[in-house]
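One chain comes next, on its own, written out as structure tokens in the form predicted on its own.
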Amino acid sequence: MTDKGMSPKSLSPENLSPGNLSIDNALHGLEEFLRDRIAPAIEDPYVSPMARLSAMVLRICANSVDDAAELRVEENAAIRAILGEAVPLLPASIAGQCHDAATSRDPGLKISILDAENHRLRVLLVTAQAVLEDGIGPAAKALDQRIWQLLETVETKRAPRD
């Protein structure tokens, strides 16, 4: 059993009703079945580890699907917050765009839409950061460091989990 409560028997037809079936649940069920039932039954010393590796990839994919929207919504909110803080430290040529981005909202919850919004926000963040790196004063330097910390945190959270 995983922390999701899935087991190989969860792949039975009675458990695959629309209310129970989600992509992450299906992938977790397949992963467990492959890891716990198929891989141990394979005698080939090359194929058995490959089956276990395939099961691990399914688990990573399932977790990625489960986390996808939450991660992107949180990232976009964090980027907007920093862009809002950067506005007073930026020249007018970019401050208006950053203000508009800081007060914007995600246009939808589909991963493709969230990714497009994330890309738009990241481009503005990098542009603002380039200005802040050249800026004078402790506020610009401190915000530049916080941007670096945010980017590191974002990449750490997006790393595959098992």
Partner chain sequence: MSSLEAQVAAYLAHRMPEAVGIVVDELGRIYGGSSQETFRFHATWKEGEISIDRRLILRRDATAGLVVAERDLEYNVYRALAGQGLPIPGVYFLELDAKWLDRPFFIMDMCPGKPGSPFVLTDPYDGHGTAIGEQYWSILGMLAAIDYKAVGLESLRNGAAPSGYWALELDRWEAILDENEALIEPAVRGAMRWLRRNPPPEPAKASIVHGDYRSGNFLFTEDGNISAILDWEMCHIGDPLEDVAWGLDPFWPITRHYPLDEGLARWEAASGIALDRAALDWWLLFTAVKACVIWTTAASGFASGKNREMTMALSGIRAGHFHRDLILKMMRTRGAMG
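All values reported here derive from a predicted model rather than from experimental measurement. Note that the rigid core is defined as the largest set of C-alphas that superpose within 1.5 Å between two forms. Residue numbers count along the first chain shown, from 1.
Although not depicted, the form predicted together with its partner chain is the subject of the following passage.
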Self-check item: Candidate site Pro45, Val57 and Gln149: all three near its partner chain in the predicted bound form by heavy atom within 4.5 Å
Solution: yes
Self-check item: Gln129, heavy atom within 4.5 angstroms of its partner chain in the predicted bound form
Solution: yes
Quiz item: Though only this chain appears here, would Ala69 touch its partner chain in the predicted bound form if you measure heavy atom gaps against 4.5 Å?
Solution: no
Practice problem: Decide whether Glu133 counts as a contact residue for its partner chain in the predicted bound form under a heavy atom distance cut-off of 4.5 Å. | Solution: yes
Exercise. Indicate whether Gln145 is a 4.5 Å heavy atom neighbour of its partner chain in the predicted bound form.
Key: yes
Practice problem: Name the stretch: of 25-33, 103-111, 90-98, 117-125, exactly one has residues whose heavy atoms fall within 4.5 Å of its partner chain in the predicted bound form. | Solution: 117-125
Exercise. Could you check whether the CA atom of Ile94 moves 2 Å or more between this form and the one not shown, using the rigid core for the fit?
Key: no
Self-check item: Exceeds or equals 2 Å, Cα of Ser48 between this form and the one not shown, core fit
Solution: yes
